[in-house]
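Only one chain is given next, in structure tokens, and it is the form predicted on its own.
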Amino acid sequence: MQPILAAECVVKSFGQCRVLTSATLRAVPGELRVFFGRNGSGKSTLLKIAAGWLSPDSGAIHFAGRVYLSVRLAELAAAGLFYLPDHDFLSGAFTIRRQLEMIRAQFDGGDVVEAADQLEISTHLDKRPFELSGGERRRAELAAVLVRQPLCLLADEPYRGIAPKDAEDLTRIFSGFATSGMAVVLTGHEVPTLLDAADHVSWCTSGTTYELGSPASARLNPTFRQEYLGEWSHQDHMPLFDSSRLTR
């Protein structure tokens, strides 16, 4: 299936620091794609550019059949993209119920109570985000995704600060989004969890990106194993291959 979202040939610098050089991100309907990269590699920057949060120095954003050389988050959100940052998505000024209702009204979305039931936060609807645990707060954010019913979800570090039990539930929820036809892209460092959940793996390193394919293919890629997976990958005792197997 063709990507519904593609950030192509993205270049981005902050002052004299070049963060991205010809980087690409793609999201495909019905797939859960995982985007790996060390801290500072540029993966979060690329996600923000793909969502319209940041402007690239050069490159293009393709979304839902349109090409954008310059685009803002609100424009892509109206077209069906949902960007979930790594923190502070929900405001502390309003209850969860009020914020979900605002999303429903703005985007003609789904039922708030039904979404809360599915995400098991019904008893927290009249609380504010700071009254919830990290896992409860993340569930409330994903209830916002259910209410919005987007075509594409970009979630930056959604497992950060989440307990293992909550992480299992999040994986099930993200997989369910993809199964329903949504295009889902996640970043994170939770290697076993994300590799087990992913349909496709991408890697951001040295300012560029590599499409590694299936999790099985990613595990076999020697450069990815050596430079990112590190000690975790050695537990598999998999043979190494020539680095020319990397495909961009």
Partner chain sequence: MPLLLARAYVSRGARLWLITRALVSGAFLYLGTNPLRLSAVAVVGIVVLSVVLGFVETYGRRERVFLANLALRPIFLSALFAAPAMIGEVALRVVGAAL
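Residue numbers count along the first chain shown, from 1. Note that the structure is a prediction, hence the values are computed from the model and not measured.
Unshown form predicted in complex with the partner chain; subsequent notes refer to it.
- Partner contact region in the predicted complex: 93-101, out of 167-175, 117-125, 93-101, 132-140, criterion any non-hydrogen atom within 4.5 Å of the partner chain.
- Mapping the unseen interface onto this chain, Val113 falls outside it, with no heavy atom inside 4.5 Å of the partner chain in the predicted complex.
- Remark: Ala155 does not count among the residues lining the partner chain in the predicted complex, judged by a heavy atom distance of 4.5 Å or less.
- The shortest heavy atom separation between Pro85 and the partner chain in the predicted complex is within 4.5 Å.
- Heavy atoms of Tyr159 never reach within 4.5 Å of the partner chain in the predicted complex, leaving it off the interface.
- By the 4.5 Å heavy atom rule, the three marked residues Leu5, Val11 and Phe35 all fail to count as contacting the partner chain in the predicted complex.
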